[in-house]
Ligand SMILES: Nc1ncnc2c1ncn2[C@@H]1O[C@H](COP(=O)(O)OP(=O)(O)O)[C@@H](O)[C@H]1O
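Next comes just one chain, in structure tokens: the form predicted on its own.
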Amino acid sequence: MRDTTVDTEQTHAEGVLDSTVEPSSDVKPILEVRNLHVSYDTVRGPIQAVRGLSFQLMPNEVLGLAGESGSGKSTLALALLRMIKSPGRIVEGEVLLDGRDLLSLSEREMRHVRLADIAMVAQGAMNSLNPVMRIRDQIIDAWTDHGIRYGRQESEERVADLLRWVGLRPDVARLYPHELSGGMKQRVVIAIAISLRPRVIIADEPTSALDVVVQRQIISTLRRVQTDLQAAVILIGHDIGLMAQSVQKLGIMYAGKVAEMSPVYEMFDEPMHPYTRMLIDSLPSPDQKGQLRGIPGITPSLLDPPPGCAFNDRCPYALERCTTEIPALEEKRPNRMVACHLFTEGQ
């Protein structure tokens, strides 16, 4: 297959998302999630996939959400776009985009919000693209669904511009998804997501199943379009090593809740929650060849979550109160939030 990536797309020149930018203290959040609960109904009872989750996303900010499989990351992404399907349901909470609660909108209103104001780059690009439609037609569908009509020539020009924007040549437009590599398909998904210039982009494991070189290219593409759009990004994944290079602020999720959230460099320099510390320690290190560290035990069942802190049976520092009292996510240091009784005043 010939190279259909723009020649100027050089990842070593792109760098990674700037993790040093701090939002101004007087800027209001563009997205605010308050006490969000999402469950999946089963014959044995509801599985509590997201449990009272709250966080803020500032304009132009890149927020990472990481954790083990089953921690609620992808469920959260779908909930933010109101794409939870039965047997799943949003039980309660608020999702405020520029002060407007998305959970209170009608389905018709929400369809106009998706892609135009908040968009998703889903994991598994092949599953996001129609295998029997040319790339051009799939991109055009994005704005046609929002009632936007262009003439044929203008549509062709806009499709070409979008493809160039994500580092692909315009002739990709006439190809089918199966004619593209995994990285190229993921770029097409990004092109569709940014076609209406949304203010918030949710990237749900956009580099899964890609090799490390292409992962860097995809992250660089996100960096460029995020900067061009002045959009905020939520990057969801389980690779905290990649997160360290890609986000400004990192939230660690466990059992449907946020265990810790802080600027990414501070978190890696001094993790506060034991779960965060053990996740970071489990990363491969050239200084410890042949020594792999894991986290003992398994994640708890969200059908019947344990009392107290959900991590208590795996935590080497658990206190007695950890088995009975759920720790609140609170600011224990400037800009650092943690849900752990070890940092409760007086303990």
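Start at 1 with the first residue shown and count on from there. These figures come from a predicted structure and were not determined experimentally.
There is another form of this protein, the form predicted together with this ligand, and it is not shown here; the text below is about that form.
#### Entry: Non-hydrogen atom within 4.5 Å of this ligand in the predicted bound form for each of 263, 277 and 282
None of them does, since no heavy atom lies within 4.5 Å of the partner.
### Query
Considering 257, 73, 273, 185, which brings a non-hydrogen atom within 4.5 Å of this ligand in the predicted bound form?
Flagged contact: 73.
### Query
Of 47, 295, 315, 58, which residue is found within 4.5 angstroms of this ligand in the predicted bound form when only non-hydrogen atoms are counted?
Contact residue from the list: 47.
### Query
Would residue 302 show up as a contact with this ligand in the predicted bound form if we use heavy atoms at 4.5 Å?
Within the cut-off, so yes.
### Message
When the contact criterion is heavy atoms within 4.5 Å, does residue 241 count as touching this ligand in the predicted bound form?
### Response
Residue 241: no contact with this ligand in the predicted bound form.
### Query
Should residue 32 be classed as touching this ligand in the predicted bound form when contacts are defined as heavy atoms within 4.5 Å?
Flag for residue 32 set to no.
### Task
Go through 73-81, 94-102, 195-203, 222-230 and give me the stretch that gets within 4.5 Å of this ligand in the predicted bound form, heavy atoms only.
Only one stretch passes the 4.5 Å heavy-atom test: 73-81.
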